[in-house]
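Only one chain is included here, represented as structure tokens and corresponding to the form predicted alone.
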């Protein structure tokens, strides 16, 4: 226990030292790394919720975020409302999509082998991206919003401030989910179901209904982050694929059922990615570094388990 505590203190010390170094040397790396980390964490948290409670790896995760972004685009262009206001109908719509998807597909493979679950959710991902491609074409879509260009200046450093909205979203998602899981009757039931579905069923918890609610909540959150994504990024039918992989990797790093470590993992990866991209001509290495760090973390964790 003492060794583990010393290791944690060492990691915190190293992280603090790196943070101070970046502030002095390349403060923009820390700023944009934090903004990127907020987006990664906000997208990954709903996946962690589904995997930790429903127990299924959703390979259509990024595509559901993409669908939320397109719904926000449609509400905004068709009804002339700001995409941030469109977040409300998108949240409701994605919750309904969650109910339909769970009832028609996910519910039927919960007891099936993991390979069947992966093939099913991969198929859902392909269907979503192809349907959106047929309806909206592959042309990238982007909204022109004045408030997205907001910036701040500290000394000689000028940087965009709008993307801090992803940091706020990640923190609110985490706080909201922790409150829901720890303080509400339904949330406590969901935790019990995630830990022991058979035992939960024996004490009178409706396991299937809990799965349905959790899956729908996760898709509702993806609708929110999809709407925020639309405000500052271009969207196209295949935009969600990379976020599925990165979310899955962050959940694997944090550990199944763990929410808080996703924020720290996202911060480390966001800053690492931003650091690589700060060097001209080396931006293409950012994704390689992202996955390399994840591989190292997972291998070291497996090594520790073997040693113990």
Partner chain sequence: MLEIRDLNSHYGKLHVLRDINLQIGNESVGLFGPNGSGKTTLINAVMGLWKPTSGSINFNEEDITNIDTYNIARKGIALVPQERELFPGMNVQENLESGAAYIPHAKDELESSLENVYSIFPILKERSKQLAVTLSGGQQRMLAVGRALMAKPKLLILDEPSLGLQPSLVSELFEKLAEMKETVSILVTEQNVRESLKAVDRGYVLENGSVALEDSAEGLSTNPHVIKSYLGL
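All of these numbers come straight from a predicted model, not from anything done at the bench. Residue numbers count along the first chain shown, from 1.
The protein also exists as the form predicted in complex with the partner chain; that form is not presented, and the subsequent description refers to it.
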For the chain shown here without its partner, which stretch in 205-213, 147-155, 219-227, 78-86 has non-hydrogen atoms within 4.5 angstroms of the partner chain in the predicted complex? 205-213
At 4.5 Å between heavy atoms, is residue 189 in contact with the partner chain in the predicted complex? yes
Touches the partner chain in the predicted complex: residue 199 (any heavy atom, 4.5 Å): yes
Residue 195 near the partner chain in the predicted complex, any heavy atom under 4.5 Å? yes
